[in-house]
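One chain comes next, on its own, written out as structure tokens in the form predicted on its own.
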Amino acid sequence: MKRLLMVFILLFFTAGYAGEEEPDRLLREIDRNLNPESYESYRKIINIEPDGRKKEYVLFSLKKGVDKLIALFLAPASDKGRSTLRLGDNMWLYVPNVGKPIRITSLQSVIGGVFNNADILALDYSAEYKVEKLEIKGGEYLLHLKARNRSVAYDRIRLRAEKQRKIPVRIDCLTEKNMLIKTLNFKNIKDFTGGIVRPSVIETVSPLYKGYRSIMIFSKIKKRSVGDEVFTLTFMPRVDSLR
């Protein structure tokens, strides 16, 4: 009888857990709802200074799998033809007529403003972070994420996502000691067709850059697969051929 009772209790709690979202699987699902695994996109990034001055950039990007992303600058004219490449934790910037690509880091920014290179060349969150804790608060999930290694831009992340659609609403980027570095707010849900329904605007502010804002606006996202040869240093000068 005692053995039967223990089996019943085990089945009860197992069934209860199975009914909840398994944290790492939930994070991967949020990744897929935010972006297809492999895709192309067009986006504008606007840096806004405290005095209201703005500078705008237009980028064409291609991503493959969880760790490959390449982006080409289309505007302004002074940056046209530049490209950036990310392979896992490694990043490069190519500038026409300068020579070979140069290494850049995740915490630098090739455009200035509040977005850094890790934001501009963002990979899947599940590729860089593991879930330490999952909470359910009203109609939202709150995932507490910890970096998988020290090369990741942010030591910790608090990710809020809609419970129904499982898409991000807000992300707080933190240090190891939980000091706030920046906040990303996801806005303006848009149907990009092809089953892609996600925020079209990401706005970021930081207590480290008082009065500054940066906004990322997606005008197009669609599923697309390209070969691994695209995500190489030798291909960086030729990204425009894929548009």
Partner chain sequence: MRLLIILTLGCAALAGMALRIYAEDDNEFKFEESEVEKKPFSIGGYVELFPSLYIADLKSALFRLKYYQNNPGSPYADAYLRLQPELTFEKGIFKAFARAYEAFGYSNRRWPFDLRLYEGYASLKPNQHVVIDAGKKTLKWGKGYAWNPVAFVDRPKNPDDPELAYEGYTVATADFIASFTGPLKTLSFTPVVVPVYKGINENFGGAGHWYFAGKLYLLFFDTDIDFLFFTGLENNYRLGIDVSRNITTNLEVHGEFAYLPGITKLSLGTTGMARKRKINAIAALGGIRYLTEIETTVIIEYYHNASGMSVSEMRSYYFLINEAYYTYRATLKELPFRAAEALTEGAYGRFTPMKNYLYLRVSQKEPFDILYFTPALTVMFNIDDLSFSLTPELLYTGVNNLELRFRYAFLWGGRNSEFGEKPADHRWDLRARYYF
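Residue numbers count along the first chain shown, from 1. The structure presented is a predicted model; accordingly, all values stated were derived computationally and were not measured.
There is also a form predicted together with the partner chain; it is not shown, and the following applies to it.
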{"property": "The unique member of I217, V66, V205, L180 whose heavy atoms fall within 4.5 Å of the partner chain in the predicted bound form", "result": "I217"}
{"property": "4.5 Å heavy atom contact, A77 and the partner chain in the predicted bound form", "result": "yes"}
{"property": "Non-hydrogen atom contact I196 with the partner chain in the predicted bound form at 4.5 angstroms", "result": "no"}
{"property": "Close approach of L26 to the partner chain in the predicted bound form, 4.5 Å, heavy atom", "result": "no"}
{"property": "4.5 Å heavy atom contact, L87 to the partner chain in the predicted bound form", "result": "yes"}
{"property": "All of S61, R160 and T175 within 4.5 Å of the partner chain in the predicted bound form, heavy atom check", "result": "no"}
{"property": "Stretch 70-104: residues contacting the partner chain in the predicted bound form, 4.5 Å heavy atom cut-off", "result": "L74, P76, A77, S78, K80, L87, N90, W92, P96, N97, V98, G99, K100, I102, R103, I104"}
